[in-house]
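In the block that follows, a single chain appears as structure tokens, in the form predicted alone.
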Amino acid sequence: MSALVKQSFLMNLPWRWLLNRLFNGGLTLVIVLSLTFILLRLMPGGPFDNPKLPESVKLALEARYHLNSPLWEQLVSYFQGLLRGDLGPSLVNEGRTVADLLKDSVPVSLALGLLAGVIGIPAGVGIGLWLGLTEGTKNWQAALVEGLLVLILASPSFLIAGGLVWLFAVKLAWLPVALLSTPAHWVLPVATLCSVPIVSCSFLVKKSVIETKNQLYVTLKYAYGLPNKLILLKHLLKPSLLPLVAVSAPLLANLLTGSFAVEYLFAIPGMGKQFIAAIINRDYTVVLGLTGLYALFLLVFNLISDGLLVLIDPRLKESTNQ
């Protein structure tokens, strides 16, 4: 019986849609890496443009890393290395490869982003549900919270981080600022990263709840005397899943790869800090590795979110099978 169920499940999967998305994702990744590779080479300066470095040493280093070869040869050589699983050496950090740097920085950013997502997304859903239910009731608390959300939405992450540091680290001296040495060190960077999912999810869920609660079938459910909790979960919260899942891919990708400004401000040794340092130092291979990893995260999460939408909404499933 289980074998029949498994076979039926496999047959019902939208394989054509899945293969098409995988092909488009792979092509997108190649285009992103190619454009990044070319733009890095067109930027003024290079990894060995140091006035204190003798010209002969500079030329020797460029020859060692094949930076004096034609651009198309460098590009072909880079993709050949990728096919072998070789991201190349760091041009600035002597004796270290890009893979070594990613092993050090990626787990930190993933842990930070995952914690921010676990806290921020449910909090945003709860706030949005409350704002949607209190819409039109002249609730001053809801108006205050919505105004605060708009203020956060209009503020860049470095401004939010600076405000939190000024209040909780400088004025109140409650929390430490830099690094992630103790659990207390995680509070300010996680709180800064949480602002994005809280605001995004709040407004999405609020809009969905407002649109849904005025529907005739919801009014009838209240008239039939169904429990408020059942109506809340099944008929108000459930429809908000579709827009929430749709925006979850870039949201989670941004959280899991870390905010560049947040990691740089709090001196967190994650992907963001590594990326900014690599750009400043013109470390081409590290920039390419981090850009490719971010693009891969975004493509994978987009694929997962689209797949969830297909499973949640039967109309989308029918369109993928056509």
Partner chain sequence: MQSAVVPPKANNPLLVSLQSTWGTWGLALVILGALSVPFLGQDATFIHVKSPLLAPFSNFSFPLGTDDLGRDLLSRLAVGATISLLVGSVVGGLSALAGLALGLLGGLNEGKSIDTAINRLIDLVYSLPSLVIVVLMAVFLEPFILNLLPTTVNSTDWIRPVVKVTGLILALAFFSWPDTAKIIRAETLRLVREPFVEAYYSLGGGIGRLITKHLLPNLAPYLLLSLTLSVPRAILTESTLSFIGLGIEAPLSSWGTLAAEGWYLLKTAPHILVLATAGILLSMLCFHQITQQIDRQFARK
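Nothing here was measured: the structure is a model prediction, and the numbers come from that model. Positions refer to the first chain, counted from 1. The term rigid core refers to the maximal set of C-alpha atoms that superpose within 1.5 Å between the two forms.
Heads up, the form predicted in complex with the partner chain isn't pictured, but that's what we're talking about next.
Residue in contact with the partner chain in the predicted complex (any heavy atom within 4.5 Å), chosen from Val247, Val76, Ala99, Val150: Val150.
Gly162 is the sole member of Pro176, Pro89, Gly162, Pro239 with a non-hydrogen atom within 4.5 Å of the partner chain in the predicted complex. The candidate stretches are 189-197, 162-170, 107-115, 129-137, and the one lying within 4.5 Å of the partner chain in the predicted complex by heavy atoms is 162-170. Shown here without its partner, the chain carries Ser181, Phe301 and Ile304, none of which come within 4.5 Å of the partner chain in the predicted complex through any heavy atom. In the predicted complex, the partner chain sits within 4.5 Å of a heavy atom of Ser155.
For Pro51, no non-hydrogen atom is located within 4.5 Å of the partner chain in the predicted complex, even though that partner is not displayed. Under a 4.5 angstroms non-hydrogen atom cutoff, the partner chain in the predicted complex has Ile279 among its neighbouring residues. Contact annotation for Phe260: at least one heavy atom lies within 4.5 Å of the partner chain in the predicted complex. Contacts to the partner chain in the predicted complex (heavy atom within 4.5 Å) from stretch 24-41: Thr28, Ile31, Val32, Thr36, Leu39, Leu40. Once both forms are fitted on their core, the CA shift for Leu27 between the shown form and the other one remains under 2 Å.
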